[in-house]
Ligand code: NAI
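Encoded as structure tokens, the following chain is the form predicted alone, with no partner shown.
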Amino acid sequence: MANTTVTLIEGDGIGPEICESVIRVFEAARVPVQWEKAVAGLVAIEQSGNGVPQETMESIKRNRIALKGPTTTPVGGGHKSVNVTIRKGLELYANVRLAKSMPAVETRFSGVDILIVRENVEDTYAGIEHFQTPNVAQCLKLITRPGSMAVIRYAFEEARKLGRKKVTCVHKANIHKITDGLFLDVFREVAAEYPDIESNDIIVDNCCMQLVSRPEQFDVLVLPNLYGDIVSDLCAGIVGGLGVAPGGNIGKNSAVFEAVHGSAPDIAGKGLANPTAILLSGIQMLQYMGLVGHAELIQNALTTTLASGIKTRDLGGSASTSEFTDAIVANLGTPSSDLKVVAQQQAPQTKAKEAISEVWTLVGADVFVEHDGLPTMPLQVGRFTLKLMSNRGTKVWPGELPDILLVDHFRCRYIADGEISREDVLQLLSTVTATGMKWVHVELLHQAAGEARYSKAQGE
């Protein structure tokens, strides 16, 4: 079988050491891959000032598959997260992590086997943030129908491929009714196409409580980006920590598999690093490539090694990185020349409509103004009527001013007596400016089929 070229990013800190373990184990297991090394993280910043050089991105695009060690993003200095840069640049829309109990890794739980599928590109991770006033910062939470469709369909396809029985959507649609509501609506739409797989949903805070109470009830979780980031680490915690947590980032054209723990510079070069996580990520990569026989061979050798009590110090053992790797290699035995191979995994094709179109009617605008204390806004501007003002989402007018902390950022909702144009909104802003009010932000308010495409204020 011809070798497949895989981009290898060793990363920072302990990255080169644990990647060397993967290289040794793969070579001993006769895995048909050849490595093309590329750089990212602190090493790349020191060399070129760029945490993810274009040459590295081109390598991943060319080879379509990469294995990545942990990288460090400096605090401050304007450097973007290496992981986020790679995920966004390659549209790696699904982050896939397995939380599974392992032998000789002591935790409070046993029998845990949860696949976490996290949307990997949008949500608050779009990184669109602004200061609205000196005292108010804003982050846009972007949930899209096509983005949700892609990751949710991937979760169901993985469940079907792996013989899993249930997919659970984790959300906060009781509060984020429009954004998480869209994610949940798409989930239900996609779930209807998979009658062979049980589906349900759960609010994210309840999910966290249930995970540390009865994790065995969960099979596959699919989540928006921010919740997925938090919940996947929680799941890693209940099976032994990030040191035993693999991760894969899946896109339509590329996939990057990585150790999700940090670069641990304090123990770099001391032989203390635990290569389990990146080995598991390598196993996940082999499964993605269709090299399921090699993946099973290495998984069994790793499991046997841990079960025999040979562990690195972070897991309560005394083995060095190289000693732990030696034991895994010894437990491989003599690999067969005809290990099972299946077709490489492809990104699922959606059946449901990824994007929809609606006839929208512009009916008003939310004008955000900077002001100390309740502002005096014009009640009537042309066809617009001031309907409410809110502060941090809570209605403060009309009616009695509630006893709450007021910040210098007010939403003033103007609704018109029928359909309006953007020119009408510009005239509204001009009038507000003429009264001496300092508007800082505006959101257009639309209706579709008589239904509002915007949220109410708390207390409205």
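Numbers follow the displayed sequence, beginning with 1. Just so it is clear, the model here is predicted, and its values are computed rather than measured.
What comes next is about the form predicted together with the ligand, which does not appear here.
- By the criterion of a heavy atom within 4.5 Å, residue 266 is counted among the residues contacting the ligand in the predicted complex.
- Using a 4.5 angstroms threshold between heavy atoms, residue 119 stays clear of the ligand in the predicted complex.
- Interface membership of residue 83, defined by any non-hydrogen atom within 4.5 Å of the ligand in the predicted complex, is confirmed.
- Of the heavy atoms in residue 148, none are within 4.5 Å of the ligand in the predicted complex.
- Only one listed stretch (365-373, 270-278, 215-223, 195-203) carries heavy atoms within 4.5 Å of the ligand in the predicted complex, and that stretch is 270-278.
- Only one of 294, 261, 171, 153 lies close to the ligand in the predicted complex, with a heavy atom inside 4.5 Å, and it is 261.
- Among the residues 104, 388, 191, 242, the one placing a heavy atom within 4.5 Å of the ligand in the predicted complex is 242.
- Not one of 95, 229 and 285 is positioned with any heavy atom within 4.5 Å of the ligand in the predicted complex.
- Shown here without the ligand, the chain has only 314 in 294-324 lying with a heavy atom within 4.5 Å of that partner in the predicted complex.
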